[in-house]
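So this first bit is one chain, no partners, the form predicted on its own, shown in structure tokens.
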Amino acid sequence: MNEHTVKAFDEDITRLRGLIAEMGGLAELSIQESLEAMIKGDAALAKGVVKRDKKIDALESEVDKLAVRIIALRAPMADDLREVIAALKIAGVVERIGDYSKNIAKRVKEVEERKHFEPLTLLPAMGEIAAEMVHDVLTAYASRDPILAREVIATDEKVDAFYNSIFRNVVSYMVENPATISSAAQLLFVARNIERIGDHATNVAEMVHFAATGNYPPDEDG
């Protein structure tokens, strides 16, 4: 590529990274606010999370268009091509994370008698870890940091442990208090959505590792 083309390519990549960062910031905020709305029963806050998801969707569409344009006009190769492909995949995953937060927000009005549910005291901590995973993995993407990406992957074990604890707690409560089954089931869905956010952050971390090194991270269970 000549100097002009290289400069234009660098500008496009910077724009691509900026869009991913903006998507991630909005997704991170939606995780936090959807859980705050669930804890407090705040319908207005939940409505804001649902509305924000449209902005995340619009940014994903913008990433798709820019990535296709970069590939068509710049014909990137090797490291540059991996970065563009990774950005495409990451945008799709972050969009799904936004969807999970929206799903949590939509369940706010379905939970009654909040003060009786002990899992509501665990969900914020679980959500905080998931939100940190999203924040850290996008930091790893921006800085092409495979070490931080592997740390994000390792953190998913904590989210899974929270999910298992909340699942056992809620099921026991449902058995002892059948009248609360409807609301308790909503909390199980919320915990499951957070667990899936952790899984998606892990998927992004694997893509970031690939984009930075050309290899997927080693399987720690292998």
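Heads up: residue numbers just count along the shown sequence, starting at 1. Worth saying up front: this structure is predicted, and the values here are computed from it rather than measured.
Absent from the display: the form predicted in complex with another copy of the chain. The rest refers to it.
(request) Please name which of the stretches 150 to 158, 38 to 46, 23 to 31, 174 to 182 has residues with heavy atoms lying within 4.5 Å of another copy of the chain in the model of the complex. (result) Within 4.5 Å of the partner lies stretch 174 to 182.
(message) I'd like to know if K54 sits close to another copy of the chain in the model of the complex, meaning any non-hydrogen atom pair within 4.5 angstroms.
(response) It does: once another copy of the chain is placed as it appears in the model of the complex, K54 has a heavy atom within 4.5 Å of it.
(message) How about V68 - does it come within 4.5 Å of another copy of the chain in the model of the complex, if we only consider non-hydrogen atoms?
(response) The answer is yes: V68 has a heavy atom within 4.5 Å of another copy of the chain.
(request) Answer for D64 alone: is it within 4.5 Å of another copy of the chain in the model of the complex, judged on heavy atom distances? (result) D64: yes, in contact with another copy of the chain in the model of the complex.
(message) Under a 4.5 Å heavy atom criterion, is Y163 part of the interface with another copy of the chain in the model of the complex?
(response) Yes.
(message) Taking a heavy atom within 4.5 Å as contact, would all three of L88, R96 and R192 count as contacting another copy of the chain in the model of the complex?
(response) Result yes, every residue of the spot touches another copy of the chain.
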